[in-house]
Ligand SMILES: Cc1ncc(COP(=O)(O)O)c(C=O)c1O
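In structure tokens, the next block holds one chain alone, the form predicted alone.
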Amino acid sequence: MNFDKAIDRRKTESVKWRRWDEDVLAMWVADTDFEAPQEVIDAINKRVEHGIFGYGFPPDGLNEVVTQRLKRLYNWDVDVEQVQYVPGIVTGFNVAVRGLCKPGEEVIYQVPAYPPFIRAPHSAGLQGIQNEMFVGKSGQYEVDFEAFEQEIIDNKVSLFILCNPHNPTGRVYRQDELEKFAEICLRNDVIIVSDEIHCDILYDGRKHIPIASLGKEVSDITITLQAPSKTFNVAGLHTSVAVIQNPVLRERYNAYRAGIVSSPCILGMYAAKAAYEHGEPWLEKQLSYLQANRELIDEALRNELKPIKWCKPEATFLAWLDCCELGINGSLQEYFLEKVKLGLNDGPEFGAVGQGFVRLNFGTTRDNIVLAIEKMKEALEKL
């Protein structure tokens, strides 16, 4: 696999590359610019050759592939009937918010937050409660657990959307942190919906821990959402996994989605099976490439891009860049777009705490990373 291969996505339906004019370097929405593993492409082609695309169950063996992978990676025992499929992580947690929360109840999440977290409670007619993260002595974003529990107590919080690894900061929660989340939620009768979409994109030998794998008491209050989409760049095939081990919780979840949210498309499920079965060698190469991109950005931030800063991400291919010291009034996204034709996510999309920040997607070719650094340097020179 050649991750340096430049593929023109502007001539396709790509949301990432068609948002702005063709002269803009698009480094915003979280999909990568890499071809999917050949085994995934072959699996899709083989299924297409059959020529009939009627209603269908998940492909034979997919449930077993998923449960065996969870056991191998996390020593987490999941039965095949506890695995559900939804057409996207965002769909998955919106179903949970709408189906499991009662009118007047509230949903809590960490900020800065993936923007759909912010929208989900409001779209369901509920209140969203924001628990603000802070940069600790470790140089990484940390959680104020005391404030987290107090906000649950002071409000009618019935559901917590956990993002691990965290988007946009790139934090990978340690086991002791996950145990604190679990203890607080158990103590206060709060359901956990764990968005783990970036769980395969970790650096420096870190290991992902699904919060539901901590034990039965925790798994009984948890819905775990994972997907091959970010890992293998197949987001447009809309196939995600929901693991719900508590049968009562699973019945409530499925009762709400019935007739509203269907299963993923057939091709997406074939792609998922092929990716999970055969994609590990490809993934290892991608991780090495992404880590080199991360190091290149880190070096630039320590040298020619001062005073822009970051907490070096432990996971994901997303850079949460602190531009507060630039003194730019208004939208940083508009500034970089207008001055140097660089397309980034604007920080306030991730909550008010994102003012002064932008998010950059480094899941792209090395040439694009170098060009982005050059553009940011030029933008600083124009201040």
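Residue indices: 1-based, along the sequence shown. Because the structure is predicted, anything quoted here is derived from the model rather than measured.
There is also a form predicted together with this ligand; it is not shown, and the following applies to it.
Novice: Can you work out whether T169 and this ligand are in contact in the predicted complex, taking contact to mean some heavy atom pair no more than 4.5 Å apart?
Specialist: No - in the predicted complex, heavy atoms of T169 and this ligand never come within 4.5 Å of each other.
Novice: So, K230 and this ligand: in the predicted complex, are they within 4.5 Å at any heavy atom pair?
Specialist: Judged by the heavy-atom cut-off of 4.5 Å, K230 is in contact with this ligand in the predicted complex.
Novice: S240 versus this ligand, in the predicted complex: is there a non-hydrogen atom within 4.5 Å?
Specialist: Within the cut-off, so yes.
Novice: Given that the partner is absent here, does C199 sit within 4.5 Å of this ligand in the predicted complex, heavy atoms only?
Specialist: No - in the predicted complex, heavy atoms of C199 and this ligand never come within 4.5 Å of each other.
Novice: So in the predicted complex, are G88, Y114 and D195 all sitting within 4.5 Å of this ligand, heavy atoms only?
Specialist: Each of the three qualifies.
Novice: Report the residue, out of A30, A315, L344, A43, that has at least one non-hydrogen atom within 4.5 angstroms of this ligand in the predicted complex.
Specialist: The option sitting close enough to the partner is A30.
Novice: Sort through V143, C163, V95, C185 and report the residue having a heavy atom within 4.5 Å of this ligand in the predicted complex.
Specialist: Only one option qualifies, and that one is C163.
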